[in-house]
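What follows is a single chain, given as structure tokens, in the form predicted on its own.
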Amino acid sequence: MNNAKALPSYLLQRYQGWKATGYAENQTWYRRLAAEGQRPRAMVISCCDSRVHVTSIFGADQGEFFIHRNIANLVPPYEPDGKQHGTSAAVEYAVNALKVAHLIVLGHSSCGGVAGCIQMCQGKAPELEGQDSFVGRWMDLLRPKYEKVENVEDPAEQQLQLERQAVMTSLENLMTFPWIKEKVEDGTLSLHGLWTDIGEGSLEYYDAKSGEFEPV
């Protein structure tokens, strides 16, 4: 592999700063994590968006969360077809190997993946329609929910509503995994849907009783 290069200097400097401070001050904890393995209580499925910082939102330390990130925080339905499924593999490991107690889906404002889905559904993103578009085929997971928001006239409100539908899609698809359904029903695993406004720093949760997202 001849194309890999050394780290950019700014990243190297940041690493050296962390090693000299953050790591040095917590060396015992890091070594304990390495020796004893991870025991996270929760898995968080969030978007790849660089503005969504899960550990900062919850003030989490190393070892607290098992985090999986993908475009638009989507979980596909259970599909044991023998092919590669990165998100499903992460969920399987978290639930069956790490035995997390909570599965959290975290959506967010101004999601580029959701915006792309809207453009695709409106026929304005031909580049996402081809079979060679990984983003387009991934956003097909959300595409059926567009009919729930297609009559919303305000573009910002339409985007917000589809972002919440992305969270709902993932929660629904998680329940198609038989071992998740079993654990949810016997009370050893709980599912949670959240949405955060990046600019405001606010957080909302899905309330199953009201069927709405409510402020935390």
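The first residue of the sequence shown is number 1, and the count goes up from there. Just so it is clear, the structure is predicted and the values come from calculations on it, not from any experiment.
Form predicted together with another copy of the chain: not shown, discussed below.
Contact with another copy of the chain in the model of the complex, defined as a heavy atom within 4.5 Å, holds for exactly one of 61, 150, 182, 157, namely 61. Shown alone here, residue 83 lies within 4.5 Å of another copy of the chain in the model of the complex, counting heavy atoms only. Interface residue remark: residue 146 is not counted as part of the site for another copy of the chain in the model of the complex, having no heavy atom within 4.5 Å. Using a 4.5 angstroms limit between non-hydrogen atoms, residue 135 touches another copy of the chain in the model of the complex. Another copy of the chain is not shown here, and in the model of the complex it never comes within 4.5 Å of any heavy atom of residue 122. Residues 55, 56, 57, 58, 59, 60, 61, 62, 63, 64, 65, 66, 67, 68, 69, 70, 71, 78, 79, 80, 81 are the ones in 54-81 with at least one heavy atom within 4.5 Å of another copy of the chain in the model of the complex, listed in sequence order.
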